[in-house]
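Only one chain is included here, represented as structure tokens and corresponding to the form predicted alone.
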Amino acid sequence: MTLLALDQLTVMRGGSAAVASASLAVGPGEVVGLIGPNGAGKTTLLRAALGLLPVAAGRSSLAALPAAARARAVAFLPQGRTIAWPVTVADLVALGRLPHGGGPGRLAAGDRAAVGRALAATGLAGLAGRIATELSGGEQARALMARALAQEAPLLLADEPVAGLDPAAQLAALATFGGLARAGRAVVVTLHDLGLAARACTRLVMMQAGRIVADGTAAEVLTDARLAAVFGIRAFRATTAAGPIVQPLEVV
């Protein structure tokens, strides 16, 4: 079963390819880390996969779906973290139930259970009655993550979801993604922390200048040569009982 299939996807921007001939398939049980330097095309790839950007060539299986079916097939956690209205955290998270006919003020028992699971997964159960716009930046990020989790779609696309979170919250978020994968769902997540990506993802997809240049395990993708060529760094790499360790050391 494939939850996302991209076939030679190309997105043009300003006369050049922001994403060039990208092909990718994601199935249940995977946490796919999308990595690459700033401007590599990671966010553009996610948004084009969702049908939020026009494509010059190629195909996305998600973009081909009708809007209602797409909303049930995939949840999206964008990089921007704006909460526009002073609603409670519970009502914000309940917006994730809209594709299923629920939402603030009209939650069925199944919707309330999904909202509760999402709040618990993000450590926000005790803040459900707080006004979301009054939370700290990190708490707001977790509330938006909870909204995406409440959707309970088979696939989650998350764009830099742990940026700005403290270490414990970062690890908790990635552990939640791992739990989704073990439950038969899938996550595609963009990450800049290569150490977290290596430890938390079942598979890494590396991008450079709009192209996918590597796809495989952390050991296969994060080689000395690729770290130097793509990121311009030298890193310490080790395999331990706790998992792989990747620590950038210097610019090369």
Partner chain sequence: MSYPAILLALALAVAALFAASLMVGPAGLPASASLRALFGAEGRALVLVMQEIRLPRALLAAAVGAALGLAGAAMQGLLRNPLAEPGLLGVSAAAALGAVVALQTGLAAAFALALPVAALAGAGLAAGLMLAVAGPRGGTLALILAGIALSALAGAATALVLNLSPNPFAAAEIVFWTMGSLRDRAMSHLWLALPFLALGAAMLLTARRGLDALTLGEEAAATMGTGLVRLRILVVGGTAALVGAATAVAGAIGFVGLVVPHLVRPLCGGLPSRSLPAAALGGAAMLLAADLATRLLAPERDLKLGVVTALIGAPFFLHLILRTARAEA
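Residue numbers count along the first chain shown, from 1. Quantities reported herein were computed from a predicted structural model and do not represent experimental measurements.
Although it is not shown, the form predicted together with its partner chain is what the next lines describe.
Only one segment in the set 118-126, 103-111, 160-168, 175-183 has residues whose heavy atoms sit within 4.5 Å of its partner chain in the model of the complex; it is 103-111. Checked against its partner chain in the model of the complex, the candidates Arg211, Arg226, Arg70, Arg203 yield a single residue with a heavy atom inside 4.5 Å, and that residue is Arg70. Only one of Leu50, Leu65, Ala56, Leu196 comes within 4.5 Å of its partner chain in the model of the complex through a heavy atom, and that residue is Leu50. In the model of the complex, its partner chain lies within 4.5 Å of some heavy atom of Leu95.
When its partner chain is considered in the model of the complex, Asp91 lines it closely, a heavy atom lying within 4.5 Å. Though the partner is left out of this view, Gly138 does not reach within 4.5 Å of its partner chain in the model of the complex, counting heavy atoms only. None of the heavy atoms of Pro154 is located within 4.5 Å of its partner chain in the model of the complex.
Scanning 128-147 for heavy atoms within 4.5 Å of its partner chain in the model of the complex gives Leu144, Arg147 in sequence order.
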